[in-house]
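Below you will find one chain, with nothing else, as structure tokens; this is the form predicted on its own, and questions on how it binds or moves follow later.
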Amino acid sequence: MASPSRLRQSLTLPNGSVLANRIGKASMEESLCDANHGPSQDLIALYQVWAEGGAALLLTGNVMVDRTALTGPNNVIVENDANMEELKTWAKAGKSGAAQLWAQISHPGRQVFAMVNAEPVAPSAIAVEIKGAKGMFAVPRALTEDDIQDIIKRFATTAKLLQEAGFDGVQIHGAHGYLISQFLSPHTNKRTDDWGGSIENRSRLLREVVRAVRTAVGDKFGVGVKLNSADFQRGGFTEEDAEAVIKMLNSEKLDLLEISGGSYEAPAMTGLVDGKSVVEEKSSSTTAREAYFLTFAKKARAYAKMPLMVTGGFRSRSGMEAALEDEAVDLIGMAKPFSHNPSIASDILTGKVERVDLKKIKLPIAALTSMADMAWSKSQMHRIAQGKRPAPRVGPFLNLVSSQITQRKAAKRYQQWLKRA
């Protein structure tokens, strides 16, 4: 007799809410705001489709806490209740199936394109350096104490507004080289005050944000964190640092911790750093060779008290089942597969699909490969939002060029909006 599917089992989170199964759609930047940087009709339509796709949890792309600090010019911004009706419609669409809808709330810090913000902020005045991307990122200004306190309040304000709009939770983005991740990493955090130096000080911003958000939303609202297992950069955030942070987060009433890795400079979240795979190619375990950060998650399971989600590389149903069977993770995260097939969760859960085969993108420079990969997924999401089928044969390089042109036009509109807002 076949063993029962772990993927189909429900998961009760610490806040008492229940996820219907063990598949979550991880965050992908949609770039689908309206003219006032609220959710557009296309964004709402996209989540209506995903809500019917079988996943237990839908995590949105970056929702920004500061109108002057965007990861992209078409981000949704939630600073006040100006777009509350549109946010409520978005929440209703995302929850129209059996899934919970959580918003990923974020601040990019230095990791913002110069065409969007030529005066970014960061823990320290260290610019992003990517081969082949000279001039794309400006040198940031080091944040003051008042700046940091303001950012903490912004995260809490955004979370409370999203709760009022009907979202089930928020995920605080502390990974992928964005602001909180920058504070965590000694590669980007050279501060000598209480926000830099030891891992206790470097993790202070994350912990203060988590506490402020939890205070704002109460105990029943979902609060999660996305954390790097490592930065995959010399002198950066290490697995030992990650272990220390997770142990500190154990006392912060988290409902979910998502494990990932990398940044714009070292895009481990795409599976490659310096052209080399981040998975265990020589491992005897098929699952370890498939999922990018599973080995770290297995270690973390020994001391992490909150549910764990791993995103990156999961492609086979058997690999997902094995990861759950080993109790390395509680929730399987997938991102890009949802832009290829919005019903991928349902197809896996029912056994219709055993393995996800996606377009493999590889350009000469790893960071450009990452950008092309994200642009490809974005173009597919836009097709789904417009009621079209994904078009996986789209050429990655031409698609990246087209995306950059579109982004530049959007950046000009954003700058004009910022002057009026």
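Each residue number is its position in the shown sequence, starting from 1. Model, not experiment: these values are computed from the prediction.
Keep in mind the form predicted in complex with a small molecule is missing from the figure; the text below concerns it.
Shown alone here, Q104 lies within 4.5 Å of the small molecule in the model of the complex, counting heavy atoms only. Using a 4.5 angstroms threshold between heavy atoms, G61 counts as touching the small molecule in the model of the complex. The closest non-hydrogen atom of R315 lies within 4.5 Å of the small molecule in the model of the complex. In the model of the complex, no heavy atom of R202 sits within 4.5 Å of the small molecule. Only one of T158, S263, Q182, S260 lies close to the small molecule in the model of the complex, with a heavy atom inside 4.5 Å, and it is S260. Only one of D66, D42, E52, E29 lies close to the small molecule in the model of the complex, with a heavy atom inside 4.5 Å, and it is E29. With respect to the small molecule in the model of the complex, the three residues H37, K95 and G169 uniformly fall beyond 4.5 angstroms at the level of their nearest heavy atom. This chain is displayed without the small molecule, yet in the model of the complex the stretch 171-179 from 121-129, 236-244, 341-349, 171-179 comes within 4.5 Å of it by heavy atoms.
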